[in-house]
Each structure stands twice: as structure tokens, then as C-alpha cells.
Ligand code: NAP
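Here we start with a single chain on its own, the form predicted on its own, put down as C-alpha cells.
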């Protein structure tokens, strides 16, 4: 089975559109510094979806040294309901600085301590978009996570760690692996669900898998002008269900941001 993200994103967009129509005007901003072209491209994709559901989207492209002042201005701007900030941050700006500066009530991607901390109490009103997309692509394909053994190959604060908590909240048993983990192949064989966010094309090959698995590919790599994931698909291996790249988790992620924006606007 291919875990298609495009159909799920379309379904979720309609849900957000209905929510926006009930509230009325909602505005969000994105902040990217000039050299961060990847974030600018990503925010443009969010902007397209925002326009489809009636959310006013304000893209800001700034100099790196203007980031903190821009965040403070957005915090105090009553016309902006939510904001997403591009990563990686400019030189001299840390995750901690942005997390402490950003108003949690405008935090569209769950980067503040307050919103991230709520995940550990099972409160998921706001959740990191990529991590929740990786979960939603399963649950909306009727994959029951309860009791499943899940391996996450990523321990970052933006993906692996919040994803582990989202899975724990759904009664999965979670192993988090990283660059210092030994014998990854053994862990792959021992787990039912494999989440890859390694940024290495072909990191895990379908041909190496010997028992039934579901692989959620979160990796995005550009190889010779084409976007590829961390999972190398072998269509002859019928033991593996997987999310494609492109068209999988990435397609859902930008809509998850809009879901967060809607929740923030509801609470204003």
C-alpha cells in the first residue's frame, strides 16, 4: 500500500476551510531571512493552501539580523493570529532564543516551550507540523498505532522528539535512533513502523526488508534536480507499505500548519 498524502491533504484542507468560514477573518505571517531559500519555497506552498481556505497569508523576507525584532513586532500586532519562522535560523540565533521570544498564542509550528511541553501531557491542540503529518498519514489510512513497535531515525527537537511523544500518546512503543546508534538494521527488523528523517537519499532500501513493515519517509533530498526521500522503493517487495516522496508526508505538513493556525485563532 502506498500511503498517499495528497488525498489526505485535500480532505484536511476542506476541514480547515469549514473552520475558517465559521470564525471569519484569520491572518498568519511567515518569516524567512533572505538566504534561506528552502523556507521561502516552503512558505510559498503554505501560502497557496492558505488562500484556498480563506486565511490571509503575509510572507515576510528579512535580513538575518532583523529576525528577533520582527518576532517582537508580530507578537504585538493584533492583526496577526499566528506566525511560522523559517529554519535553520540565521547565524547567532538559537532555537532557545526563538522559543523564548515567540508568543505561544501565535506559535503556528509548536516551537515554544509552552506548546511543546503540552505534548508531554497529551495535549495536542498545537503540534509540530511535520511530526503530526507523519502520524496523521497513518491514522487517516486506518493504521492502528496502539501496541505497535515504532522506530524513529531522527532525534531532532523539530521532528524526532515530538514525533516520539505523539506516538507514545497513541500507545505505541517507541525507539529513537540517531547517528550514534549501533546496528540500525537490527532495529529496523524488530519494529513494525519505521520513520525516516535522515536527509540521505536511499538510506533504507526496500530490498533489505525481510518482514512486514510500514515506512513513513520524512526525508527530502534533491538529487539531480529531482526530489527523493530517505527510502529507496523496490516495487517487487510486497512486505512494505510506505509514504512516497514527493506526495507523502510533505503534502500533509503544510496543511498541518493551517490546522494549528485555525486552533490559535479559535482561542483568540
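Residue numbers count along the first chain shown, from 1. Every value quoted in this text rests on a predicted model; they were computed, and no experiment measured them.
We do not show the form predicted together with the named molecule, though everything after this point is about it.
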item: Check all three, 153, 219 and 253, heavy atom within 4.5 Å of the named molecule in the predicted complex; value: yes
item: Proximity to the named molecule in the predicted complex (heavy atom, within 4.5 Å), stretch among 242 to 250, 8 to 16, 256 to 264, 21 to 29; value: 242 to 250
item: Listed residue (146, 91, 186, 180) with a non-hydrogen atom within 4.5 angstroms of the named molecule in the predicted complex; value: 180
item: Listed residue (52, 200, 205, 63) with a non-hydrogen atom within 4.5 angstroms of the named molecule in the predicted complex; value: 200
item: Interface membership of residue 164, the named molecule in the predicted complex, 4.5 Å heavy atom rule; value: no
item: Partner proximity in the predicted complex: residue 159 to the named molecule, non-hydrogen atom cutoff 4.5 Å; value: yes
item: Heavy atom of residue 130 within 4.5 Å of the named molecule in the predicted complex; value: yes
